[in-house]
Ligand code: ADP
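The form predicted on its own is given below as one chain in structure tokens.
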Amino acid sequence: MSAVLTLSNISKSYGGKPAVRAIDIAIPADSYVSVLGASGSGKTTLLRLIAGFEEPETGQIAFDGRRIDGTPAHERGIGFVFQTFALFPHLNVRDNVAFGLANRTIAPVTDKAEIDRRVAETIAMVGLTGLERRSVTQISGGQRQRVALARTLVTEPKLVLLDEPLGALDAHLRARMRDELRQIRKSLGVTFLHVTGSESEALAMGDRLIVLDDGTIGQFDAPKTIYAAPASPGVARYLNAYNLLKGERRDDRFVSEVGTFPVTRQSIKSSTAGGVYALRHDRIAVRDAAAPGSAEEIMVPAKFIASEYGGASVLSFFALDNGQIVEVEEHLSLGAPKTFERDARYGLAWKPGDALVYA
């Protein structure tokens, strides 16, 4: 698949502190790409560099076959949907959507019939037909999000940048808009680059997922690949699905403060972060403290702290003997969740092959 956007050795710093460092990446055409990272990881800076609101200190940005770094934002032909929507409160829905067509610097549309046709088609696409004359101050948050998207899509960009577009919506609207955004993008055949701090949103939305780790590309792959095999402890941490134990790999063993664990060859990952043992929340089983350990399992003692009900799953928190908290996830589709006694001792068990060892 050809690339619609290519970044080569892109770096940017503020006050001498790097925000993004030596970014090299090619974004495929006709794709939905999520960008995940913690606050301060460089997500918004990356988007602003692509949009043209900031300029890189090193490197080049190419879009649709031409170099665009140094080109003003309004001449790049890239759409941008802001987290705050940035709508014009004095204009109604129809006029907000039409604004970019009639007022853009390059090739403004002056034919009123053409504007009316394209605006009507785009409003229908995002499900706002009938609200054209409504003030944007009199519609819901989800509808304002659609107006912001329509205002961008009506200009027919090949690339749309979305800066945490669902962050201002409630949980119900976020879930619904996830599906709608995917369907709209697919029907248009454009590329969406969607920045978010939510790991569940990033995994659910993108065909591909970029994980930013301290201003660099930690991993760029299919979401299911990253979830099953994060490339580094930093990537695993941002997924919020792994327990990370520090220690040292010694041949076929991993030595930590809470025990020495056998290591399988397929579990080993190279890392510059030192020795880290990563174990996914849903790969751990909870046993009675007195239960005999299986020869095929690793088991460590832990004290139960509390549980949180999450709808489709229950997340339980246990304290290891060194004080570290370990999270255990039980999916309710597999049966009723276990109940645990507060401060009671249990055994946490897993198979060696289910762990990832960064060494």
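One-based numbering along the sequence shown. Keep in mind the model is a prediction, meaning the values are calculated, not measured.
Form predicted in complex with this ligand: not shown, discussed below.
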* Using the partner position in the predicted bound form, report whether P56 sits within 4.5 Å of this ligand, counting heavy atoms only. => no
* Indicate whether this ligand has at least one heavy atom within 4.5 Å of a heavy atom of S41 in the predicted bound form. => yes
* Please run the contact check for A19 against this ligand in the predicted bound form: heavy atoms, 4.5 angstroms, yes or no? => yes
* To do: Give a yes or no for S316: in the predicted bound form, does one of its heavy atoms lie within 4.5 Å of a heavy atom belonging to this ligand?
  => no
* Structure fact -> Exactly one listed stretch (66-74, 308-316, 42-50, 294-302) reaches within 4.5 angstroms of this ligand in the predicted bound form by non-hydrogen atoms, and it is 42-50
